[in-house]
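In the block that follows, a single chain appears as structure tokens, in the form predicted alone.
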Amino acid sequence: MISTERSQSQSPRSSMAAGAPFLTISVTDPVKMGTGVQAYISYRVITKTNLPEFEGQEKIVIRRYSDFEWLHDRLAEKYKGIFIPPLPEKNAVEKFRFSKEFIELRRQALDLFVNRIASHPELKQSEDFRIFLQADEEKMDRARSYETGIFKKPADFLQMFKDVQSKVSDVILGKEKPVEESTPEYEKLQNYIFELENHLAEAQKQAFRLVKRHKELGQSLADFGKAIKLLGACEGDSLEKVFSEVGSKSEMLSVKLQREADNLLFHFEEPLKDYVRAVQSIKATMVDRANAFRQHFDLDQERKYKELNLYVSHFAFTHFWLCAKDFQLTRKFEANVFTFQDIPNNSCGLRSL
């Protein structure tokens, strides 16, 4: 699934020969670096292109998972409203984080991530994307250290928490009603996305169980094969031969089941997991849309508040102007707009009347 999608998003060699614009990216050669808690996996990112905005036709850089995270966060910050391809999830368990299977699955997912960006007409024009593909390690570290992300600074995060807390308090106390977009088309799309995520998550869960079951059954057959061979070694020649054949067949079936489990993992469970991640990225884009809608509403309310203040100021100015011109007109104006208690003491001496 991954290789098919990638081939469709890239220009083939025939396009290169014909001189058509192309951009091919591959994530290869995962290598474990460091030891202990500081250990991580590095990848070679190979870029081949004839696009003029890139430096040269081929570039090879070394990147780690956190560099891919940086790219994803920068794109998500700069391209609001655009679906940002998802990243594979982390695995904090040391036992599985550096397993051969996990590393290969992550490599494929990272390869798919960058090629999805490369196939997008706007995202591939990003300066951050070009930095990711071409910058040396020193320049990449400088780019990553530049704190512009929404969650990079503790002070920004604290302020955001206070803002959210204030909004929630206003809603709970009845000061403000939550604002949501409620067009029929948007609600229909939103419901479809939520239902799709639930169905895909359930399918992925069942695929995980199926893969796990194949692995457990394969391991059981392998253990049985070894045990039956040992048992045969304790018997006579005739029984030993029979037991040995049974053990060998059992081990062969174990290998086949392990291969089938790997095939299900790479071509069934992992694509489903990728679909779930994609739907979650779409939901994140919808959250950005909802936040923009909320911001638009707040700005519109602020505009109305300022217009009201301007209107009140105009009335106040009219009051003082009438006060200087005609006493009767002033009393009439005050009866319609103000109460006597709100009129200052120095306003034509009305409080002394």
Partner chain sequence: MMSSTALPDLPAGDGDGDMETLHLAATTTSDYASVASTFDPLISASPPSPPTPAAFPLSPASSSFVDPPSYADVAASSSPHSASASSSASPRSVRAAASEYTFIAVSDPAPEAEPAATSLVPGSSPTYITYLVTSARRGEHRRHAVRRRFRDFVTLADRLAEAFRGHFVPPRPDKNTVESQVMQRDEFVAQRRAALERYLWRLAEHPAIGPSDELRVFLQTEGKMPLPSSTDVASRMLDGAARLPRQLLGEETVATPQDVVQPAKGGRDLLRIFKELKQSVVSDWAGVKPPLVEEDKEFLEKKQKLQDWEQQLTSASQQAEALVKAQQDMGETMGALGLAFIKLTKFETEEALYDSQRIRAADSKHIATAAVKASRACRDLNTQTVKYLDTLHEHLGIMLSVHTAFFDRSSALLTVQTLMSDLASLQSRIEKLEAAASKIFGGDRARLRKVEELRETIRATEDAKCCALREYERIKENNRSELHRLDQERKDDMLEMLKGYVASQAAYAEKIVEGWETVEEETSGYARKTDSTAW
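Numbering follows the first chain given and starts at 1. Being a predicted model, the structure only gives us computed values, none of them experimental.
Just so you know, the form predicted in complex with the partner chain exists too; it's not on screen, but the next bit is about it.
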property: Region of this chain that lies against the partner chain in the model of the complex, out of 125-133, 208-216, 67-75, 138-146 [heavy atom, 4.5 Å]; result: 208-216
property: Whether Phe266, Ala292 and Leu308 all lie within 4.5 angstroms of the partner chain in the model of the complex by heavy atom; result: no
property: 4.5 Å heavy atom contact, Gln258 to the partner chain in the model of the complex; result: no
property: The partner chain contact in the model of the complex: Phe83, any heavy atom under 4.5 Å; result: yes
property: The partner chain contact in the model of the complex: Leu230, any heavy atom under 4.5 Å; result: yes
property: Proximity of Thr183 to the partner chain in the model of the complex, heavy atoms at 4.5 Å; result: no
